[in-house]
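In the structure tokens that follow, a single protein chain appears in two forms: structure 1, then structure 2.
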Structure 1
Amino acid sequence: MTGGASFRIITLPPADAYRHMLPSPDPESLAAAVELAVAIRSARLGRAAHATAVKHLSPRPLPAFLSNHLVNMYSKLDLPTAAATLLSLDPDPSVVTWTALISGSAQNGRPLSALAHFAAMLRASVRPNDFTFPSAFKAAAAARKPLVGRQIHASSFKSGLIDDAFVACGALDMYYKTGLTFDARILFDEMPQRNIVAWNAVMTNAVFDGRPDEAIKAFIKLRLHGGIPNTISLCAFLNACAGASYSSLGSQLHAFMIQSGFDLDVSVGNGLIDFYGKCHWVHEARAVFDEMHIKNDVSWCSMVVVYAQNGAEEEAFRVYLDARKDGIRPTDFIVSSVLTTCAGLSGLDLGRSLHAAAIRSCINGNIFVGSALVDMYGKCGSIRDAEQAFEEMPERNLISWNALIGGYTQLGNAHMALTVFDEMIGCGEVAPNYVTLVNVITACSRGGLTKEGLDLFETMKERFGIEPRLEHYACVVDLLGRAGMEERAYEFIKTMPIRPSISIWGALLGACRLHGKTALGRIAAHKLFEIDPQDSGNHVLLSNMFASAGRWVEATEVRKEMKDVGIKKGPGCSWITWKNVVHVFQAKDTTHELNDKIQAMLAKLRRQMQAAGYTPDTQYALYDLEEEEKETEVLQHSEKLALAFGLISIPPGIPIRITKNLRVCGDCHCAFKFISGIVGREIIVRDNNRFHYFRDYQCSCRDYW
């Protein structure tokens, strides 16, 4: 019976089962069994073959070729101790044996072991060959050891093997990956033969290092030298075009791919989908996807990401459902991608269903899926679920920690955000990055910890080596503005070493609106108009600021200016999901089929709130009306209509979750506190800024928002 056919029909047999299945104990047959063990990644089969060899070929030494096969097998299956032990038993190991050990260590993420074996081989006076050097270069690159890489380069130069194209490519890639770009360029210029692997090393590393223009120039030179690109070259070029926002250039390459027949390659198709998505050409990405004759899980995942990146979360989820219908099993990448769409939709129920799918597919322990779950639950306002998902992760990375800190930031729970931040630093697993500090300073801003936030900003470079970016400056302006220190925030902006952005002036204008600082608010607004004169949000915020201060003439003038220059304001709305149906409400909306019951519920709530001591805050009625009309208007805000629908439709005991595309107004915030106590319900509101948890006449923000 032949070894290949026999072994394939067995699934995880008991330890001694291979004894009866192995071929005759001649070295050639055993070597074939060892090769099969590597192919099907079966350590049991490999060990059984090794045991058979020892039993039948002892006391003679194992034949050299069989010993090489065994060392290679143990190395490739990531059994380094067995591989090293077997090599030590060989009285005269060849370069093939050493190379198998070095290659296996490098391929299995053990670069330091690979380098140690390489040094031991040199000490044993065994000369490396053209297969040894590429593995050694790979190990030096993975270990980030540029000095060792240079020494290996010198050794390959002395042996004359640096002229081999694959050895030279290994050295080239090593120099790029260890940050020695200048050395890499010199080596590339001196290469007598530049094959496609060398050109690809230049392009892919340039893209990886954030140098897209260099990758594009390399591709053009490749074509000018008569070189024929392969799929790796084309995908690198597309990534470079996406990174530099050269959408037209990338589309020209698409035409070249069609002419050359590369568009039929699934990897190239996936690269095109990714490129068009990053350039915000969603229609073109979908067209490529629909025209692909063969789609793999990467194709489906890429299309999900395109929609998610471009604010089309519902379409992203539809693609995921279509993928499941097409037989695509949930993978770590596609599930983590779809989870981000649930976060964008505030789709807690959808996220939970995906969590269940991840558990069924046994990928919930994957670090990418785990991080996406923490992020999804945090952004959907279910911090307890986020905490549990975080605690259940077998290992954590920076994204996991940032996601949990971000969840507390969304709630404005500055104390917990700082606690997790301190725990992250204390554990020593990861170092914070700029996103971490944006989250923590924002949490301090929303939680009223002004001093702590300022201290963190002022020491971030010294403590963590992180240069402040625009996002950090915007956080500080927001931090000072929320604390009522608008003038200090303005002085801070004037001393910034970088030009203030829309987010910075917007934070100042929002603070002025909150605290009624109309003079300074006008300055901030005009700065915003200079940067983006067509943004309706800034005009509306300025108008609302004047209206809240009772300066109706100025508020009307701003609205008139908007109308005169053709700036249209998008409608504010709130929505609530029940029984898989999204119910959307705008202010003073009477179109809902349950409008009569909604109005009756609002009238009932109004009487109960007034009896409990509630007084409508009519400064949030942004039109010049009589006081009684103002009270009626604030009662018809979109979030109150959504809440009334929720109280009518959702059974008691189930939290009511409302999402609003604008900041929740002060009167609705006060009213929701009263209603939560009156009806005994937990009400969760996500506005465009943060989450508010209302329960027992209180809000999680403690009225600091």
Structure 2
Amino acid sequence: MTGGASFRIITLPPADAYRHMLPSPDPESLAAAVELAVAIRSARLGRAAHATAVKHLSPRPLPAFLSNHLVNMYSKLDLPTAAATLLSLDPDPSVVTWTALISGSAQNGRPLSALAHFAAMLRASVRPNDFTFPSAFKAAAAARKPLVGRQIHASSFKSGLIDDAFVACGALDMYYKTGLTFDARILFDEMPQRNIVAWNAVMTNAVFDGRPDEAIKAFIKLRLHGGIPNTISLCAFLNACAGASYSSLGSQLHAFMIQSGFDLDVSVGNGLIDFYGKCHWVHEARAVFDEMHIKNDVSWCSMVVVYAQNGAEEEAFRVYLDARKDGIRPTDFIVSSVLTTCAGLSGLDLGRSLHAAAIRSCINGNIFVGSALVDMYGKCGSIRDAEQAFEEMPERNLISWNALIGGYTQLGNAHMALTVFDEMIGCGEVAPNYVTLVNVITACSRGGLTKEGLDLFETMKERFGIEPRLEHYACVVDLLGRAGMEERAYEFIKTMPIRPSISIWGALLGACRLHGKTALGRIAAHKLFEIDPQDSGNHVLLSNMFASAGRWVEATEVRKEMKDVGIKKGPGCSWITWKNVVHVFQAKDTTHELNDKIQAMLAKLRRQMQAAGYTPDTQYALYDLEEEEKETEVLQHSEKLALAFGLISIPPGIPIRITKNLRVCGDCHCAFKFISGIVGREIIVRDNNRFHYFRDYQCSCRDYW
């Protein structure tokens, strides 16, 4: 390097600007270069400076300040071995050297080594200073070691350094994060000076621990004390409002932010998007997003999540595509979020393209991405791909296991769901949670394993320490109901210790519909109307139950009642994706451009099916029509139209994937079994409840759904 350019100038350069430059060999410049290496996170520059130092300054030892810089650089850039080796070469490392080593470990997610270094420092009789304690507390907090944290607190108290604001804030945060909330409160009350960081520690931890009201109270108290919130306080407040669904309080704060100019901060803007999304104010979230002058990848990701979590999966995907166009890299956060929307859309092709993007960006090994892939493939009915994604994960956690079990559950493969469940227990690395139990009991229900399901429910508390929740009770009602034991299910509901919810009565009503138990069905339906009079699904289910039992008067009455109260039923529809176009069909839909061919195909299929022994199951025609008309009616169901289109358009050998927003109808289910055999093709239907995998005159659900 020539010309005497000094590394002291720290106007931050673009990340790559200095990477290949060699610093001049005087210790001051070398130290500056090392400092810069940390700032731009360039290990290459740091190593180059180190090499230059060794070359030009040996055999003399490196000056202490330069050595400290180097230890700090290696530690901060997550090269712990180099940092520790360098420290061990120093015959008498100072507290600064030790602190550099400890802080790097704490910041790079290695709290246990940070604590080990801290202990080694004490053994070497080096006393921690006001810089060391905050890092030590951070490590104890991250390692969730309350006893160690308390010891560090005692030591900082003895040395008198606890009165330092940095040290006290570290201790405060440590007590919260290790679950010693009581100690944290005492410490906070006794703090001689409470700076904004202390208030923020109170607020962020209250939100994290699910005590949003406490965070809001702290914010108000801070204002009463004349404290000025910063961006972190505001993000915490927004999270508190989102957690407690205080939509108006949060939007009032939004006004304050605009007044004070805080809304221009990217993190605050991102917090606002997230807050509005969690309050289901999608338009407000979008407005904040659109008005942001500077957006980062978190902004884009938050916007994707707002749409995904508010039932607008197509919009979520569009935002993802816009983000890519805007030059946003597919991060692990964005990819796992968008994969969730693919799972919701049943968008297997989109999911596969994201899988490819994840591999290109080297984030396919991330545990969030991996679990999202397993989940997506499972929900899209590609259980083989789900298995493979699961196998390829470098590490797995509870969520990954739950995703795979959930995939088998959706497919109705109770045997495999239970096998994977046993494997999960057997591996001893993760303990099941309530979601796991919901999945396996549901799998039993769908697979007809009534005894096994009941067994799991009855022993879950004792075997796994999981208290049954409402969801588990609903699973049992479903389990008994599907097995034809509606009366027993009703008795079970009566003895429940929790107040029965929509899902409980809904499960009973569904079972009554399936088995034509109209009297009990009416009881369940009326419970449902009491809880949620506006829900169309319950009315439709009741009406269909009467229709299936041939009781047309009652069926029509329910429909009429719906009309009178002003309940609208969302239309049932089925869709199929071909060549990146989504073709949507409603029942009796004649608007598709290929309608003539579709009708011809349906007529042909009807002849072939009847020759093979199919009779239309007209109980699924929902109106009281003449028998022959009913046959025509069921032939025009949206899933049959979609299938006919698929058979016309998609070449043989490619499975036909259909998605339906309601449950697949019984006649269509029967017809699809015949058609899969007649035309020799795989047909995969995903309804709002589960998958049906038709092949060779059979369905994966074995007619039990």
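Between two forms, the rigid core is defined as the largest C-alpha subset superposing within 1.5 Å. Remember, it's a predicted structure, so these values are computed and weren't measured experimentally. Please note that residue numbering is based on structure 1, beginning with 1 at the start of its sequence.
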| query | finding |
| --- | --- |
| Pair member that is the form predicted on its own | 1 |
| Leu404/Thr495 same rigid segment between structures 1 and 2 | yes |
| Degrees turned by the smaller rigid body between structures 1 and 2, as judged from C-alpha superposition | 11 |
| Rigid core superposed, the C-alpha shift at Ala53 between structures 1 and 2 in Å | 8.1 |
| Angstrom shift of the Cα atom of Thr132 between structures 1 and 2 (superposition on rigid core) | 2.9 |
